[in-house]
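Only one chain is included here, represented as C-alpha cells and corresponding to the form predicted alone.
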C-alpha cells in the first residue's frame, strides 16, 4: 500500500473512531457531557460551576488541538530527512507573554466564579419561614444507610422528605469511611468515623432521586445505594406514621442490612444461607451477632460486619419480629 494511501486510511479510521466515541457519549444522560439534571438550589450551583469550567477547558482543547493538527499537516516533512533540524527561533517575547497571560486570566475567571458559587453550595439556609431546616441524621453502615427523623422514626436506604423544604442531613459513620452522594440534590460528602459532616438540599420537584456511596467501603460497596423520596407534606407525614409498625421497620432492616449479603429470602447471596438458621429467632443470639459482628480478627474466613452497631432496642425487636413473621423457615426454637 502506498504511504500516502496508508496515511489517509489511518486518518479516516481515527476520525471514524472519534465519531463513534462521541456518539456513545451523546446517548448518555444529559448528552453525556453534564451532570444529572439538578433539583436543588445547591445542585444547580454545582452544575453551573461545572459548565463554567467546561467552557474554558473546551476552548483550550479546541484551540490547542486545532493548532497541533495545523502544524502537523502544514509543516510536515515533505520528504526531508528525519534527522534534519528545522529553523531555530529565539526571542518571541510578545508571544510568550500572551500564552502566559491567557491561562492566568482563565484560571482567575474560573476561581472567581467557583468562589462566588461556593457559599450557596455549602452554607445551609436558615429557612426561618419553615421553622428552620428539617434535621435528619444519616448513619452510614457496611453496607446501607440509616436515616433518623426528628420524631425518632428510622428508615433504611430510603430517605423521605417534603418537597420544597430545606433538609439538613447530619452525616455519621458507624464503621469505615463512606461518602453520601445524591447527584441531583447535592455534592458528595464524606462519612468518616468520629468526624461528622453535614450538608443540605431542597428538592424542587416530587420524585425519587437516587445515589450511591461514593467511597470504596468494602467488598460489597457497590450494593450501598440510597434514595431520597421527595413528596407532599401529607404523604411525608403518612410515611413517618407507617414506620411505627415494627414489621415495616423490620422489613426495611432486613432488606437493607441483612439481604444485602444473604438475599431477600435468606437463601444466600454474598453470605451463607440463613433462612433455616434458628439464630434468626433467638433474641439474645441475634442481638450479639448483628451488633458485634462475626470473626472480627484474622483469619477472616467468615467475617461479618456489626451491621446493627448503634441500633436501639426497638430496632432489634422490629427485626426479630419481621424474621419470625416473614423470613425464618425452620422449626421453632427458644433462646
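Numbering follows the first chain given and starts at 1. Predicted model only: the values in this text are computed from it and were never measured.
What follows is about the form predicted together with a small molecule, which we do not show.
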* At 4.5 angstroms, heavy atoms only, are 183, 203 and 229 all close to the small molecule in the predicted complex? -> no
* Would residue 319 show up as a contact with the small molecule in the predicted complex if we use heavy atoms at 4.5 Å? -> yes
* the small molecule contact at residue 145 in the predicted complex, heavy atom, 4.5 Å -> no
* Wondering, does residue 55 line up within 4.5 Å of the small molecule in the predicted complex on heavy atoms? -> no
* If you check in the predicted complex, is residue 172 within 4.5 Å of the small molecule, heavy atoms only? -> no
* The unique member of 35, 272, 310, 41 whose heavy atoms fall within 4.5 Å of the small molecule in the predicted complex -> 272
* Specify the contacting stretch among 99 to 107, 230 to 238, 174 to 182, 260 to 268, defined as having any heavy atom within 4.5 Å of the small molecule in the predicted complex. => 260 to 268
